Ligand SMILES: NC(=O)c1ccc[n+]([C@@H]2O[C@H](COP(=O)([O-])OP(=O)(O)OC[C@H]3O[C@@H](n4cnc5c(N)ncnc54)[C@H](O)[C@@H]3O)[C@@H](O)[C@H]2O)c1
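Only one chain is included here, represented as structure tokens and corresponding to the form predicted alone.
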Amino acid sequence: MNDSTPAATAPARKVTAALVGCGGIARSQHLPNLTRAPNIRLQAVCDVQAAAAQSAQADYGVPQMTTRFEDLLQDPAIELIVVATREDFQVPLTCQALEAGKHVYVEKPLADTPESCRRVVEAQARHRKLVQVGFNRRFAPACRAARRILLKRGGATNIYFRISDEYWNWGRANPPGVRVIHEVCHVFDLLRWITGSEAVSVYCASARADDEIYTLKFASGCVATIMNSGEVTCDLPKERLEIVTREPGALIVEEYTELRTYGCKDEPAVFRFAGHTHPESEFTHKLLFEKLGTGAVDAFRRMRWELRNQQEAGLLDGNDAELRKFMERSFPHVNYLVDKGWRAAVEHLADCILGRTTFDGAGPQDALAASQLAAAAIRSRESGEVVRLKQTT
């Protein structure tokens, strides 16, 4: 053998995964992310609706499909199960997967109540497998950069976060007042992660259902205000984060596409981040967001909103096939154009399973803390009083 001939290298091992639930969030995020992640092999998809599972299998070239969750649990090759079902199924499916010796990635909110979240905390403690809850914003590049700068500047002292969208439209099937459980849980988790601290009190002031503010005080001394509204329109960017740092200065994260620094002499004044893409759609926005920042996001949102209004009013050219196809395309939704860390989150879990890094995601204990904050906010809304929180257990 010639010594100069390079030795063949074995392909890097991948985590073998299965997806249960092939609905909206699976089609918009999990299927494209799992099949594009370099450290994951998506082996199987499962849904009680055979047509949904068959469609996912065909569209993404998945080797196996089934309508029986038990098939996934009994397959020794499957190491990771991604749970993207209706919320009332998530806790029992996660617990069953843990009992079968599988690692789990489960969508947020883990459950509607702290009591249900505790079931997963206890199951993980018994079976000692990794569980990551889908609080993906921890992995958004803009949030990672902001946290790195915060740690250098003594942390946060004052935070404002706005989360707003057309919940009045897409979420109208839900009971009034539950948006804090289903959407604001993301913000509760992100603020705990940003501050590195637990909230000790929360106060809710409500103008109307799903249109309110929450004031939080953290053990670190940081205070935070969350403006939560489901009563806006989609031309408004969904999320904005403003942070005052302990050393004089501030940071602003605008729709996960732009991070602006103030008073940070050793940092650029502006960071810009590429958008999030879907394989069934074109990716011009990804490059434009990285080049132009929030101006590009604003333009995309305004364009989508104006076109939809014209379509609803019957003012679009019905003979324009390209425009009709653009309007009929469901991916990516305008809220999915920016990189909120969806793919990075599941890739991180796979790296942890492979022993390549230490777990830094949100686990069941974090889901419990977010659920306790949501429950406290609801109690404050009902009583009009500040609610004190005990340490998460």
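None of the values given here were measured: they were computed from a predicted structure. In this text, residue numbers run from 1 along the sequence as written.
Absent from the display: the form predicted in complex with the named molecule. The rest refers to it.
Taking any heavy atom pair closer than or equal to 4.5 Å as contact, tell me whether Arg148 reaches the named molecule in the model of the complex.
Taking the distances in the model of the complex, the answer for Arg148 is no, it never comes within 4.5 Å of the named molecule.
Look up in the model of the complex whether Asn228 has a non-hydrogen atom within 4.5 angstroms of the named molecule, and give yes or no.
Outside the cut-off, so no.
Might Tyr336 be said to contact the named molecule in the model of the complex, defining contact as any heavy atom within 4.5 Å?
Close contact exists here: in the model of the complex, Tyr336 approaches the named molecule to within 4.5 Å, heavy atoms only.
Answer yes if any heavy atom of Gln49 is within 4.5 Å of a heavy atom of the named molecule in the model of the complex; otherwise answer no.
Gln49: yes, in contact with the named molecule in the model of the complex.
On the criterion of a non-hydrogen atom at 4.5 angstroms or closer, are Pro114, Phe188 and Leu389 all touching the named molecule in the model of the complex?
No: none of Pro114, Phe188 and Leu389 comes within 4.5 Å of the named molecule in the model of the complex.
In the model of the complex, which of the listed residues (Lys152, Arg86, Arg302, Arg172) lies with a heavy atom within 4.5 Å of the named molecule?
In short, Arg86.
Of Gln132, Asn136, Thr257, Thr94, the one that lies within 4.5 Å of the named molecule in the model of the complex (heavy atoms):
It is Asn136 that has a heavy atom within 4.5 Å of the partner.
Out of the stretches listed (156-164, 136-144, 282-290, 74-82), which one is close to the named molecule in the model of the complex, meaning heavy atoms within 4.5 Å?
Among the listed stretches, the partner-contacting one is 136-144.
Within 4.5 Å of the named molecule in the model of the complex, which residues of 101-119 have a heavy atom? Give them in sequence order, or say none.
If the 4.5 Å heavy-atom criterion is applied to the named molecule in the model of the complex, 101-119 yields Glu107, Lys108, Pro109.
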